[in-house]
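In the block that follows, a single chain appears as structure tokens, in the form predicted alone.
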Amino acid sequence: MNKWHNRFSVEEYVFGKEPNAFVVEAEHLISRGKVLCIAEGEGRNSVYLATKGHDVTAWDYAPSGIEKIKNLAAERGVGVKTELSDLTEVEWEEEKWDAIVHIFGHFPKPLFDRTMAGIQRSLKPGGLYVSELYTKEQLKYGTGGPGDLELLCDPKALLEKFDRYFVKHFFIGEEERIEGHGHTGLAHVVQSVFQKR
């Protein structure tokens, strides 16, 4: 089994049960349609979006994460569709999603490139890519995220990937994040909301 399955195979929610603060901030921008949360982990963001009336699907690579998503959704009294998905193999359907939410999912460059291309293919016109990722500066903070510089996000590369999209929001800088034991303290992040033209 993969490392994320092992990491999530504990009773506690490693990153907590409450949504990422930027997801809460950006939720009002997301239309009431089909929302996909990728690398969703234990479900805190997908479940939150479902409580706001969105039709949410959550993808994760860890069977234990999928089970925790289901449990959290049941606890909050909402429905979230779950799919065990390996982003190295997943097929991105054309123009399927009204929004794709990507929070602290960090990948090696080939997978990052594949995922960004898939997101662009799979968003409907007018659809949103909503993300908060750790920048390469995050290594100095040590408050969460991968310890490998190559897995951290280069904001310039992200802008270049979405250069044909309308930029509704883009921020690089420090934010306080208290998300379970996994993300705790001052962090350096890049936030984006890009709209497909």
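Not measured: the values here are computed from a predicted model. From 1 onward, residues are counted along the sequence shown.
The following text describes the form predicted in complex with a small molecule, which does not appear among the structures shown.
Visitor: Consider the chain as shown here, without its partner, and state which of 158, 39, 30, 151 has a heavy atom within 4.5 Å of the small molecule in the predicted bound form.
Guide: Contact check passes for 39.
Visitor: Can you check 106-114, 119-127, 72-80, 91-99 and let me know which stretch has heavy atoms within 4.5 Å of the small molecule in the predicted bound form?
Guide: It is the stretch 106-114.
Visitor: Examine residue 141 and determine whether its closest non-hydrogen atom to the small molecule in the predicted bound form is within 4.5 angstroms.
Guide: Judged by the heavy-atom cut-off of 4.5 Å, residue 141 is well away from the small molecule in the predicted bound form.
Visitor: Heavy atom to heavy atom, is residue 194 within 4.5 Å of the small molecule in the predicted bound form?
Guide: Output for residue 194 is no: heavy atoms all beyond 4.5 Å of the small molecule.
Visitor: Is there a heavy atom of residue 68 lying 4.5 Å or less from a heavy atom of the small molecule in the predicted bound form?
Guide: Looking in the predicted bound form, residue contacts with the small molecule do not include residue 68, since no heavy atom lies within 4.5 Å.
Visitor: Is residue 62 close enough to touch the small molecule in the predicted bound form, meaning at least one heavy atom pair within 4.5 Å?
Guide: Yes, contact at 4.5 Å.
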